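Here's a solo chain for you in structure tokens, the form predicted alone.
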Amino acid sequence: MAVFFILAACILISVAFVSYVYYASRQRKGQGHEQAALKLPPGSMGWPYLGETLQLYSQDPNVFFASKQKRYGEIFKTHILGCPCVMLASPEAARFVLVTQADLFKPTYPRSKERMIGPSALFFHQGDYHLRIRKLVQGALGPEALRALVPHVEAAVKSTLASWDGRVTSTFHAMKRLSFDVGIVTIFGGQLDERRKAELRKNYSIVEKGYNSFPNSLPGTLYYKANQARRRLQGVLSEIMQERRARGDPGTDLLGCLMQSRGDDGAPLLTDEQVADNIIGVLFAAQDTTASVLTWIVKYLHDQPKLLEAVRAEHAAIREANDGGRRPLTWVDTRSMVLTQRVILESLRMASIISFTFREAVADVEYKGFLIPKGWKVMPLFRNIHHNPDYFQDPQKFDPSRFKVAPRPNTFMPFGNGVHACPGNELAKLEMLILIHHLVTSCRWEIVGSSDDVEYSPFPVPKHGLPVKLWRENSSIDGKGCDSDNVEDIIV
């Protein structure tokens, strides 16, 4: 037995030594290149092969990035998830990568994730294909389309709150269901029957679990099950497209826009498979991010009683103008929610659901005297910028009034920036506005247990998804009990 352990130890030491020699030779080669041209940013590359992945995942990722920035400055190198990376934590650097020199940095995702969603999905591409698909998606989510979606989003919100009434529920799970319903009505325009909707929900849920799992294709694994569910999703979407063609009405919703798109030669721009990839991509982009922000909004309002009363007062006035809530909300109503708009912006800043984004340098790039080598991952750190006291005074304080004045350019990027910024950001904000309206005018809620701990799934949310007991009220809310002077300070 002793001989076995000695042999195993020798093998491990040998592997580590060979890895180190290889890694060191790569470093010396890189240093020779640097001496001839530019130097790499400061930072640590960690252990051979492993890099600093263990340090990243053994603590709050935000603490990891913040400590690196404090030590090395606003541009630094590291090695995580098997990739050498350059981290950028300044507004100027983020703009450089995402806007002014965006052609030098391509979107990058693990191949397993591309296959899971679909390789033709919008956010995996750049260039002409990306611009064409983005234009189609933005057209289907423009102001006129959003106006028409208001009653559908309101119906989904009411259904979510009704199913929650009197129960303790994970806020995050309830918000995921809401965001999925809003995504479905956006894509299919309210034409989808309940059977198909249930099929899509069931299979998408399986795909989502596999998306963040280890890419192991052995039968029985989450990844294997997700691939099977992905094929079933493709089948359901193909049936829907065939039925629409059979009746000669592709529709005016997002699915219809993609189906009817044409290239310069008049031929269909997208195959059915490419349409399906983009539909699944939209569902993916619309669900967890929006649900995470909505969860934080429920917590922030609960934790700020005076702010909550001020928001209630704003919405009580809207409700009263709509005959005590008997008339549905309108697009114009949502434009008048001034304080609520600021609450949403501050929630987006504080939570910073998208902490960073991945790009890859397609060529050697110089930035402020440093070399970003071709093939290295480049990560603008949105959260670091959003929580920098140079741009947001007292950044750990939840203060919607800071958005009475627009932030400095490139310091507030909750939906990204440049050509790859989220095209559905206005739909997400519309969903938040309508949810808040019905939450504060017809409900009361209590957080069950502690809400200070954070978990990542993969986006940051309060632990256990923020368990909340919610109950609906029949009486109208008039904002009584709120100190009027303080309310005025918040609203103005």
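Predicted model, so just to flag it, every value in this text is computed and none were measured. One-based numbering along the sequence shown.
This next part talks about the form predicted in complex with protoporphyrin IX containing FE, which is not shown.
- Answer option from F96, F123, Y223, F180, heavy atom within 4.5 Å of protoporphyrin IX containing FE in the predicted bound form: None of the others qualify; the residue that does is F123.
- Task: Tell me, out of R134, R244, R115, H152, which residue has a non-hydrogen atom within 4.5 angstroms of protoporphyrin IX containing FE in the predicted bound form.
- Result: So the residue touching protoporphyrin IX containing FE in the predicted bound form, by this definition, is R134.
- Message: Which is the contacting stretch out of 228-236, 255-263, 203-211, 351-359, given heavy atoms within 4.5 Å of protoporphyrin IX containing FE in the predicted bound form?
- Response: That would be stretch 351-359.
- Message: Under a 4.5 Å heavy atom criterion, is M432 part of the interface with protoporphyrin IX containing FE in the predicted bound form?
- Response: Taking the distances in the predicted bound form, the answer for M432 is yes, it comes within 4.5 Å of protoporphyrin IX containing FE.
- Would R196 show up as a contact with protoporphyrin IX containing FE in the predicted bound form if we use heavy atoms at 4.5 Å? Result no; R196 lies far from protoporphyrin IX containing FE in the predicted bound form.
- Task: Decide whether P268 counts as a contact residue for protoporphyrin IX containing FE in the predicted bound form under a heavy atom distance cut-off of 4.5 Å.
- Result: Contact with protoporphyrin IX containing FE, no.
- With the cut-off set at 4.5 Å between non-hydrogen atoms, does A310 touch protoporphyrin IX containing FE in the predicted bound form? Although protoporphyrin IX containing FE is absent here, A310 would stay clear of it in the predicted bound form, with no heavy atoms inside 4.5 Å.
- Identify whether protoporphyrin IX containing FE in the predicted bound form is within 4.5 Å of every residue in the set T290, V293 and A428, based on non-hydrogen atoms. Yes.
- Heavy atom within 4.5 Å of protoporphyrin IX containing FE in the predicted bound form: which residues of 252-290 qualify? In sequence order, V282, A285, A286, T289, T290 come within 4.5 Å of the partner.
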